[in-house]
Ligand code: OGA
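The chain below stands alone and is given in structure tokens; this is the form predicted on its own.
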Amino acid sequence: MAVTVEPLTPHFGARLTGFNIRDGLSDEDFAAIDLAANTYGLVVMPDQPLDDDTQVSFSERLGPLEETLVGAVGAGSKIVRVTNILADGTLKDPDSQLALFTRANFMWHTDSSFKAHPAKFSMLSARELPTNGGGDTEFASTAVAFDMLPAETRTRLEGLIAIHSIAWSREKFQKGASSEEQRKRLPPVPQALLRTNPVTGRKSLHIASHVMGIDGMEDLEGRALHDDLLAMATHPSKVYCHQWSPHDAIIWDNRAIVHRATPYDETGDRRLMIRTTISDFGPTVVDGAIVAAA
């Protein structure tokens, strides 16, 4: 069997079938998946029952994995447990800092843009889903958004640097959603506002909730520019909402896709998703200058 690629939307995304990650992948099949992720920005792979070790092994073929950030469930490991379930099997206190930190994922964001060395891909697999509905994930393409901008706006954005901060996005969502340790260990970092995919050469906007400002602009001016770009990129007509089924696995390109979770009954239902996060080549900004490969 060979990997079959079927577009998900007229704008971005693809559904991939014809393989089973647990059975191992030929170099040819893996290359097809990698190319689809770079080309479409988002790939949905149904019927892929995975355990943690299998997901980690597959993800490491895409690149080196991040360690989970401080303050998150699974901190220090290669997996992120995106869940309302604690280690002892009970559900999180909905008012706890840990729950607030996770709930901030209801805002549009890209994974790890708040790190000096940002993420390339993320892979998320469905392990336990709410029985009463909800818990979907929405995606939008910032590559599509960039293509739709007027030429003069695209020119204006060249060379701009945005400042990303996990504490900014968490505290904007709700006071107390970040911890003192997180604020200390994850200070704001600069990122190129525009990214270029090294495989396809396509440009995209590197934006979303972690952006607290744009270097060289007044705070209100920079945030207004960012918010306008994000609103355009995430217009409902351009959003793909994935309604999860058991054993679905999704890969997305953090350089060109923004995403957000949708609510579910966190106090009475259970949801467990496992995420692995693949690091990018390195910082996008060094000593105040954008790295050419960004």
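Predicted, not measured: the structure shown is a model, and the values here were computed from it. Sequential numbering from 1, following the sequence displayed.
We do not show the form predicted in complex with the ligand, though everything after this point is about it.
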The ligand in the model of the complex: contacting segment from 32-40, 232-240, 56-64, 254-262, heavy atom within 4.5 Å | 254-262
Could you confirm whether residue 200 comes within 4.5 Å of the ligand in the model of the complex, counting heavy atoms only?
-> no
Counting only non-hydrogen atoms and a 4.5 angstroms cut-off, does residue 105 reach the ligand in the model of the complex?
-> yes
Would you please decide whether residue 147 lies within 4.5 angstroms of the ligand in the model of the complex, comparing each non-hydrogen atom pair?
-> no
Please check if residue 275 has a heavy atom lying within 4.5 Å of any heavy atom of the ligand in the model of the complex.
-> yes
Among the candidates 212, 119, 82, 192, the residue which, in the model of the complex, approaches the ligand to within 4.5 Å (heavy atoms) | 82
In this chain shown alone, the residue from 143, 167, 124, 129 with a heavy atom within 4.5 Å of the ligand in the model of the complex is 124
Using a 4.5 Å cut-off on heavy atoms, what residues in 131-160 are near the ligand in the model of the complex?
-> 136, 137
